[in-house]
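In the form predicted on its own, a lone chain appears below as structure tokens.
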């Protein structure tokens, strides 16, 4: 099997050192004990480490905010995040902003940003609050239940209302069901493995790929029909949903997004904003319910209509339990100069969100849930807190997700008393996300009316 020498230099390229273990063993380290493997590698080789696994024969992980800053500030043409996200193509579509690079990425980003600012965000807040109330009303009293599935239903409802602009009814129910059928197989803990190892979903080979293609066609039939209907709607400009905003968006020369581009961006917003926000909420409740002083302070500050500590709670939850473990950039064109290293084209750079968020030099006692870290002038900066990535590739929906987490947390605490029924949750990898293994089991001991 291929080995990586502890000092890797090829011609004019000078790669960071890395473990000389066989690829199979490095793959096992990534899959089964990533935290220990990364911590060992960082201690042994430094803040930039070259790895080789079954997923990629040579890539570099970054564990230092200064190195991450160099990557996030790098040339968008040279460091290609879209190429690094190519695995998501079968689900999102090839015209997704997550898969595009260079000028095309910037064009899509520019057209997609307006719905996530200003007046529209205020309208979304009411949608989020209403969805939270419906979720709370559905919870059983004095009986254990899992919060994570409830948060998934809640955030899907928010996406369907605020992003897709769908009203309750048969079409909404049908689209939800078909979206779940399409996404569920690839969201399983091992669902991503099929895509990583064989690429069969992309090539359309095998029974699983055929089922996925059929489920995707069922979703597309509804979406393309709705795109056509919505384009003819005389009241399109009066709507507040993101779907309608995408249809109305225009470049400087007046050109609009195509139907395929609108479809791909809708699926991108669904995938990027549904499961991730639900998981962030589930982790927030798990951490709060097992940290009584933080929960008590949050209740007290909310009673005074002060949301500063609430925002700190959300940020600390995303620090200690980031939903996505890392991001990627593929080097293209010229070699990339990285703090003395010379990274050749074709090599992927992977800032490790989980490791950077656990650095004791930036976060003293990093395993403790301490929202106070994010209060005051010494709060973590843009490169030490990176749950949404950074640079020109920072998540478009970051402000939407943060607001949704604040709205839902506040509403649940205003209306309910929850108690954990087990100890703190363990982390389980599900596709590309890090989720609570048992779904955050709780019991609701009281509930107030709306």
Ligand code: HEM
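Quantities reported herein were computed from a predicted structural model and do not represent experimental measurements. Residue numbers count along the first chain shown, from 1.
Absent from the display: the form predicted together with ligand HEM. The rest refers to it.
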Contact check for 148, 152 and 427 against ligand HEM in the predicted complex, heavy atom at 4.5 Å
no
Note: exactly one of 419, 392, 382, 57 sits with a heavy atom within 4.5 Å of ligand HEM in the predicted complex, namely 392
Can you pick out, from 405, 412, 61, 67, the residue that has a heavy atom within 4.5 Å of ligand HEM in the predicted complex?
405
Though only this chain appears here, would residue 212 touch ligand HEM in the predicted complex if you measure heavy atom gaps against 4.5 Å?
no
Verify the contact flag for residue 396: yes if a non-hydrogen atom of it lies within 4.5 Å of a non-hydrogen atom of ligand HEM in the predicted complex, no if not.
yes
Is residue 116 close enough to touch ligand HEM in the predicted complex, meaning at least one heavy atom pair within 4.5 Å?
yes
Mark residue 277 yes when one of its heavy atoms lies within 4.5 Å of a heavy atom of ligand HEM in the predicted complex, and no otherwise.
yes
Just to confirm the contact call: exactly one of 105 to 113, 296 to 304, 339 to 347, 371 to 379 touches ligand HEM in the predicted complex at a 4.5 Å heavy atom cutoff, so which is it?
105 to 113
Counting only heavy atoms, which residues in 91 to 105 are within 4.5 Å of ligand HEM in the predicted complex?
97, 98, 105
